[in-house]
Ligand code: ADP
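Before any questions on how it binds or moves, here is one chain, the form predicted on its own, in structure tokens.
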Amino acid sequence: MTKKILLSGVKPTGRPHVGNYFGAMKQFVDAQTVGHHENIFMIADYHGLNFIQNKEEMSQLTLDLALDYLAIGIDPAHSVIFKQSDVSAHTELAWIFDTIVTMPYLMRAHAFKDAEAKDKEISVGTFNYPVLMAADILLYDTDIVPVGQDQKQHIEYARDIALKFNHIFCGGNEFGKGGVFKLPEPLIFEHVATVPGTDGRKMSKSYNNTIPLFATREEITKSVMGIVTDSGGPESGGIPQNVYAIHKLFRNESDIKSLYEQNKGKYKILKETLIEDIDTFIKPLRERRAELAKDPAYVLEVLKQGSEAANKKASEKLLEVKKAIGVL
């Protein structure tokens, strides 16, 4: 049976945190083990240009993201890891899509609405990013794209654009029956709860409430000791809810309950135990990443091989597209 294609794209815009890991990255690693998917992981550096416009920073952040993937267990033997900018078909297909996508349609995108609400001067890249994202997804006959509930619109845009292309250039035929593009589906990890940050809100770099995924012991200590110790009122039994919610990520439920029952009101002890548990979890990831960072040539070779594999797939699809639109 042919494996389904899973594609995920991440912008190289900063250090990942434990929320990123438990919310998505862990599932990527697990998907490799199960073996039901052909996994493609794209470093979306062209999308990142909307945020990072410094050559040295972009280069370093791109290498860092590749290191992050490898350190958490993404295996190049089972997955393709590549840079978006190494596959020119992404931007070429985006232009072809630009000719059939209307401005009012793009003005309904969340990113555009957010920027408009903040009265920001909006770049063409920000306005047009759903089209490039659709090209990213559709180039690889992607079956599923892991996204959060708040990112579902990205997949809806890709599906709409695929349908419109198939309607205009393929007589409305479906994929496999004369149509060029497959309709991707979102993969939303319903069982994955929102990971709380140190202030109780969703863990996010924009809130400055994160615990870095590859944090040093000192960074872990600083983050944990800064967790807001809100007992949650009488119904919580004096248990610090924010500390407890984060701790559940690193210990099983029965151990956690027992630990917190025995140490009600002893916030310092509970935080020190959390520090130990987080460091125990992060230490092997941190050490593996440090070891990989000693050999940047290996990381670059992984990206090179990944780009070759991605280019092969993307070029074949772009050839179909060019035939469909009549330029070949």
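Only a predicted model underlies this, so the values are computations on that prediction, with no experimental measurement involved. In this text, rigid core is short for the largest set of C-alphas that superpose within 1.5 Å between two forms. Note that residue numbering begins at 1 and tracks the sequence as displayed.
One more form of this protein exists, namely the form predicted in complex with the ligand; it is left out here, but the text below deals with it.
- In the model of the complex, the ligand sits within 4.5 Å of a heavy atom belonging to Asp150.
- Among residues of the shown chain, Gly19 is one whose heavy atoms approach the ligand to within 4.5 Å in the model of the complex.
- In the model of the complex, the ligand stays beyond 4.5 Å of every heavy atom belonging to Ala309.
- In the model of the complex, none of the heavy atoms of His78 sits within 4.5 Å of a heavy atom of the ligand.
- Only one of 218 to 226, 201 to 209, 70 to 78, 99 to 107 places residue heavy atoms within 4.5 angstroms of the ligand in the model of the complex, namely 201 to 209.
- With the partner omitted here, the residue from Ser85, Gln241, Thr194, Thr126 that has a non-hydrogen atom within 4.5 angstroms of the ligand in the model of the complex is Thr194.
- When the rigid core is held fixed, the Cα atom of Ile246 travels 2 angstroms or more between the shown form and the other one.
- When the rigid core is held fixed, the Cα atom of Asp199 travels 2 angstroms or more between the shown form and the other one.
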